[in-house]
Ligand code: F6R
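Coming up is one lone chain in structure tokens, specifically the form predicted on its own.
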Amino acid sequence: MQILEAAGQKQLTQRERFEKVRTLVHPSSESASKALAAEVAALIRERAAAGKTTVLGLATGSTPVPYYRELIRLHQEEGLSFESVTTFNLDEYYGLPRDHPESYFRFMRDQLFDHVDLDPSRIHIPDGTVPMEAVYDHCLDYERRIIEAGGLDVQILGIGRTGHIGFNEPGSSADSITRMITLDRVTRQDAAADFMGVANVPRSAITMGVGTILEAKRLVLMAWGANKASIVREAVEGKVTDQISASFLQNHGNATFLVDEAAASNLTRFRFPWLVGPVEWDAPMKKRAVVWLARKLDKPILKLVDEDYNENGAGGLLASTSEAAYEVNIDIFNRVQHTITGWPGGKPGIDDSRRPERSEPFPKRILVLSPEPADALIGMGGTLSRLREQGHEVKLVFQTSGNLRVADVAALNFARVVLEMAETSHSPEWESQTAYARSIVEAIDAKGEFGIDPDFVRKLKGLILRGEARDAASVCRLRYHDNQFLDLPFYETGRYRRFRFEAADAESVRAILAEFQPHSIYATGDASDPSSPQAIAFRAFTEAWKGWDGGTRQESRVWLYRGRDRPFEAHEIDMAVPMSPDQLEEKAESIRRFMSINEDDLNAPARNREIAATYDALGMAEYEAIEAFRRWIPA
């Protein structure tokens, strides 16, 4: 199906009837990007053959990176020329020098412009360095240049957590034009890792307006990963509102949402398929529907009645089983109840047929993979403690150093302590340490507000985070030698939005699997943005799994947890590990051991309370908090 020629189509089939803008779903971001790049390439060639220019609107961030990589491949391997192309970028941070690695000018050079034959005079990006008094005229000039170029033939968009396109934050009107805007708090928090701390994120940006974007002849909004699923659904199926600027695409005659399966997962046709057509009522679908119905009506599962099913679109479930609601309720209640266990590593010597984890072998060798050091503590700190208490051999592997998340103040504090030690010791033995500490202070001072760390500062930050990670793990009863740091190459040589998976990443993880021979593995990143460190670390695991032969591979079980990604929904949970108030506070304390931690991460215990509240509402026992896991079945 063509992406660029929506021709006003919104509803393609009955299953898509809740969708108010055309939405195409691909298996992965790679396949979607290749399909879009192929159509854009065909458009460029067609217009070039007719002597016409193609005007492309471009986006930044991690979302369009696979699309740009495919365009580069088409240029280098299939001769696609960009000589007839003119480009306009959506936005730029205000105040960043153009050579700053997080400026969108630099981003576009790194990700596309330096690799194709695009005439530099045809490249247009808002200038975040113009004096404040000149910004208004600069924005009007940007609008004029778009009009003089003949308008945008294709505008590529991403979508932010607040639903923004470009930097059109909540409140942006449908007729807004290119302008300076103050960035939303959530937007700045989401960019904090890019800038090594939210304090370093610019507070303003210059962006095309919603009205400017809607003037494009074709609009394609791309979204990848389960973390985007909720906002994609609001933009596609919700009402048009200036609180979600992406929702204005519903009113465009040729707009398409291009998403992967994870980002599409909250759309009605995938999340509640029984509401839009017949479904196969297998066990997972029954559980999903009954849990949904109970939550929708705010009833415990066992109090649902036939009328509840029939009056809310789930009557087909009862018809398919020829059972009354009572029998269906009992079945699903038992299945949800059986996910609850205080023995995440399995309880020895008992019947485990209705328990999430096997009773044997006992004790188990358990491998926990943490993409960035805080992820495992955020996602399963309580379960880590439980596994150690119950006698299992637990190895916590930090896949990356996490040094990009460490704030400058942590490195400065270390350097200043060294300097003060040298001053009080009055010993020549401190000369080299003093020189090193001064180099750290000078490097951080020299980079200024928006600078980047030299390698030796990144190294120090990684070592600081190692200490914090070991300290946090000790709160969860892990010993010093229970931890291992892999420092995967993709992270050490990259930056946020620029990470690239390498074969060496998978080989490092495979070596751990072969050496440790785990009976159970805990991993995360399956729901993350494909270019995030979590997603790449998860890919390193899955590729390592494929290359792991022999040993305990056949009997090993893999459990997925959620660190910084969206929590599991109740129907997705295969194992629920309860926590007492004391255990929850212990987990909170472990997270607080990380100096460079944001508000969302500190709120992890609150998310655990929410899961417990959901189980309580479904009629289960009332717990203080629950950590949730889903079984991963390899393809």
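The first residue of the sequence shown is number 1, and the count goes up from there. From a predicted model like this one, the values you see are computed outputs, not experimental measurements.
Although not depicted, the form predicted together with the ligand is the subject of the following passage.
**Asked** Heavy atoms within 4.5 Å of the ligand in the predicted bound form: which of the stretches 156 to 164, 322 to 330, 292 to 300, 127 to 135 has them?
**Response** Comparing against the ligand in the predicted bound form, the contact stretch is 156 to 164.
**Item:** Heavy atom of Gln583 within 4.5 Å of the ligand in the predicted bound form
**Value:** Contact check for Gln583: no, nothing within 4.5 Å of the ligand in the predicted bound form.
**Request:** Could you confirm whether Ser590 comes within 4.5 Å of the ligand in the predicted bound form, counting heavy atoms only?
**Result:** No, Ser590 sits far enough from the ligand in the predicted bound form that none of its heavy atoms falls within 4.5 Å.
**Request:** Report whether the minimum heavy atom distance between Ser33 and the ligand in the predicted bound form is within 4.5 Å.
**Result:** It does not: once the ligand is placed as it appears in the predicted bound form, Ser33 has no heavy atom within 4.5 Å of it.
**Request:** Would you please decide whether Tyr104 lies within 4.5 angstroms of the ligand in the predicted bound form, comparing each non-hydrogen atom pair?
**Result:** Taking the distances in the predicted bound form, the answer for Tyr104 is yes, it comes within 4.5 Å of the ligand.
**Prompt:** Which residue among Asp260, Asp91, Asp505, Asp565 has a heavy atom within 4.5 angstroms of the ligand in the predicted bound form?
**Reply:** Looking at Asp260, Asp91, Asp505, Asp565 one by one, just Asp91 meets the 4.5 Å heavy-atom criterion.
**Prompt:** Among Ala59, Val577, Ile44, Leu56, which has at least one heavy atom within 4.5 Å of the ligand in the predicted bound form?
**Reply:** Of Ala59, Val577, Ile44, Leu56, the residue with a heavy atom within 4.5 Å of the ligand in the predicted bound form is Ala59.
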